[in-house]
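Take a look at this one chain, the form predicted on its own, written out in structure tokens.
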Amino acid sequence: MDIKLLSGALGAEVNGINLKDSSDKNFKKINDLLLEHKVIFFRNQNITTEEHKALARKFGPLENHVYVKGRENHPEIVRIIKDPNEKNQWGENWHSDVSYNEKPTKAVILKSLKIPPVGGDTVFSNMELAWETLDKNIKEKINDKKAVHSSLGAAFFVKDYKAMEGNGNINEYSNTHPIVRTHPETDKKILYVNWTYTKQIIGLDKLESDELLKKIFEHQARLDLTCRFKWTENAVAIWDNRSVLHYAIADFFPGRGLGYERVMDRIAIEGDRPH
């Protein structure tokens, strides 16, 4: 097994592991790497739909997205398609997947099917490190507070996006979570807010909450907290959705003369209630 770090903050590209193998022994290697590096990447993994699901099930029950319709006969898999004529793509802002759920996603396994020849990288940011490096005064203000997460922030994700039909109304989903959560497997502290879905800190007026969240969001996007992955076809990314934020860069659109299609299959694993 060969492991190449993508940055000093998080992320590793792993060679020598076959994702077709969903044995307990192989899964332990994968999960240990995930807990250590927060997001791990594998290239040249020609896994089938059933093998994709089998791997995901090792992490826990599969999650059906609350408002995104899954593939026909495979409701657990969301096929994310950016049309060549679209400027925007799903996920192009800092976020933690479905943080507005009562029990947000534990982990995501994303497989590339078709990628543009240029652009379309994904960036990840380490929220354990974000908490460790956060200004002391801000830490004191938020340590015991909670914040509201709302799917209303996802409206721009679903505009004109044909694959988003079918599972419900995005306006219905809102929950309150601790701003600082504890990782259930490592006991590490995590800065658990994000630019897309976190709307207000409980106990603060809107103006004070907005100002404080703005400072936190800017901190979360610091480059020294991030890593960046260049996709190739049949690559697989697995990320700990509890510990990281991610951002899908939409820099391949018709206005730049880069109107390419991008197709990904996403499986998410059910998480627990943050505490």
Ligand code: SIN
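Computed from a predicted model, the values in this text were never measured in an experiment. A residue's number is simply how far along the shown sequence it sits, counting from 1.
Unshown form predicted in complex with the named molecule; subsequent notes refer to it.
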item: Candidate stretches 138-146, 176-184, 69-77, 90-98, one within 4.5 Å of the named molecule in the model of the complex by heavy atom; value: 90-98
item: Non-hydrogen atom within 4.5 angstroms of the named molecule in the model of the complex for each of Ala12, Phe42 and His52; value: no
item: Residue (of Leu110, Ala130, Ile201, Ala107) lying close to the named molecule in the model of the complex, criterion heavy atoms within 4.5 Å; value: Leu110
item: Proximity to the named molecule in the model of the complex, single hit among Leu213, Ala248, Ile30, Ile47 (heavy atom within 4.5 Å); value: Ala248
item: Any non-hydrogen atom of Ser151 within 4.5 angstroms of the named molecule in the model of the complex; value: no
item: Touches the named molecule in the model of the complex: Asn194 (any heavy atom, 4.5 Å); value: no
item: Any non-hydrogen atom of Met264 within 4.5 angstroms of the named molecule in the model of the complex; value: yes
item: Interface membership of Trp231, the named molecule in the model of the complex, 4.5 Å heavy atom rule; value: yes
